[in-house]
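Encoded as structure tokens, the following chain is the form predicted on its own, with no partner shown.
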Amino acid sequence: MPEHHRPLAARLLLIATLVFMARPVRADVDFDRDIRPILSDACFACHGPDETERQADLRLDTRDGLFRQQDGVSVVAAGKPGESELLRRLLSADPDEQMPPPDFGLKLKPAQIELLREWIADGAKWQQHWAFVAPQRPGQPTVSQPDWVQNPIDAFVLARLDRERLKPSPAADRRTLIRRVTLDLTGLPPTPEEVDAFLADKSPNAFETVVDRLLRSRRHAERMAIRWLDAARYADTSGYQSDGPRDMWRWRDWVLEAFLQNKPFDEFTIEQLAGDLLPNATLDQKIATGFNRNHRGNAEGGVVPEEFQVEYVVDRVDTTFTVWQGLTMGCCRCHNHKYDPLSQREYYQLFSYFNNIPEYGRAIKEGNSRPYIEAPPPPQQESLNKLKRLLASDQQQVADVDLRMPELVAAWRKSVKGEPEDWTDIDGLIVRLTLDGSLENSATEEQRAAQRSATTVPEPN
């Protein structure tokens, strides 16, 4: 080798050596990680969940289909690659037997076929999709520096560092520490006063005190709530073309208060999905159900209300399932799900639960569309309650006076000095009761005569 090439060759050799040393050693072949993706890409189009496209009545997306036996032939024979029809078809050179078919446009790589062979030889262990398997708490790993570990999470961090042949970073100084934890829990840096207070606190639980203070702060509740607000499609406008204003901020404040009070997650869930159905539901529990009124509302003049009534229910179904189940259910609106164990029938069963709001499909351009409730904030509610108590008190006084009215009228009649000649109200006739109880009549004689004439009833002929 020419002398001037040696430094480059040495560098390349060093890089290759380091890459080889850093390459992780592959563990046992894992069905979810290694095998299912291959089957999904190459096989599910013709042998998957879509019954309209399924060929040879064979499913490779289910355990029963993958290990099916027919006429002495096994699709997959655990531990026996040579007796597995799946592997034979993948290796076949016959265009009539080769899988995937030549016209499919996808050919497996040799490394993929080798993975399938290893999986079958190792016993063809099948796994349900990891998302539907209850997690198991792992044991705490053994690490190189046990004294460095202060809690179980540290052990897992250090185990990974050990695997990568790295050392832990030195502990952060106190000023850096409070900045990190404050940014992490609130999204904002600490104030100079908060930093000074922490630096001055020499107690052994000074850091725990800071963490407790931050967890109780409204800033922390806001940081936690914003993710939930995004997932629940919160907005104070209706969306679509008009995008007019509406008031959903009372529900937003309910979410903030829930995080601030550390409301248990089961209550958090029940109140948002069915708070108005709870016995003796409070105003707050009714406000919580605003989760299902966060959907967009179309106020365009040409909309078909019945169509958008359906769209609003679909929005509720999709959002509720995504938020609480961690699955997208939208595919099932039109057909059984291609990958997840969800059917179109189940979709519309859930649809029926949300299809019970007397909501008109065309929203109003500005303001909240019916049905809605009045939801004054606590200060306003307190003022309203005070006014209601005053009104009730006044109404009771009026009712008490009504009950005593005959008695009061009789007492008044006795107190009147003299009787009025006539109480008919005609122009120019003035009769009034003065404050001292005397009766004053300022009508003239002509007015009195006119009064008597007007009140005289003619005798019948």
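Note that residue numbering begins at 1 and tracks the sequence as displayed. Note that the rigid core is defined as the largest set of C-alphas that superpose within 1.5 Å between two forms. Quick caveat: nothing in here was measured; it's all calculated off a predicted structure.
The form predicted together with ligand HEC exists for this protein as well; it is not shown, and the discussion that follows is about that form.
Proximity to ligand HEC in the model of the complex, defined as a heavy atom within 4.5 Å, singles out one entry of 129, 335, 175, 233, which is 335. A heavy atom within 4.5 Å of ligand HEC in the model of the complex is found for exactly one of 199, 73, 188, 215: 73. Only one of 199-207, 92-100, 130-138, 117-125 places residue heavy atoms within 4.5 angstroms of ligand HEC in the model of the complex, namely 92-100. Ligand HEC is not drawn, but in the model of the complex it has no heavy atom within 4.5 Å of residue 400.
In the model of the complex, residue 29 stays away from ligand HEC, with no heavy atom inside 4.5 Å. When ligand HEC is considered in the model of the complex, residue 229 lies well away from it, no heavy atom lying within 4.5 Å. Ligand HEC in the model of the complex comes within 4.5 Å of no heavy atom belonging to residue 287. Residues 53, 55, 56, 58, 60, 68, 73, 75 of 48-76 are found to place at least one heavy atom within 4.5 Å of ligand HEC in the model of the complex. In the core-superposed comparison between this form and the one not shown, residue 112 has its Cα shifted by at least 2 Å. Once both forms are fitted on their core, the CA shift for residue 178 between this form and the one not shown remains under 2 Å. Residue 346 is not among the residues whose C-alpha shifts by 2 Å or more between this form and the one not shown once the rigid core is aligned; its shift stays under 2 Å.
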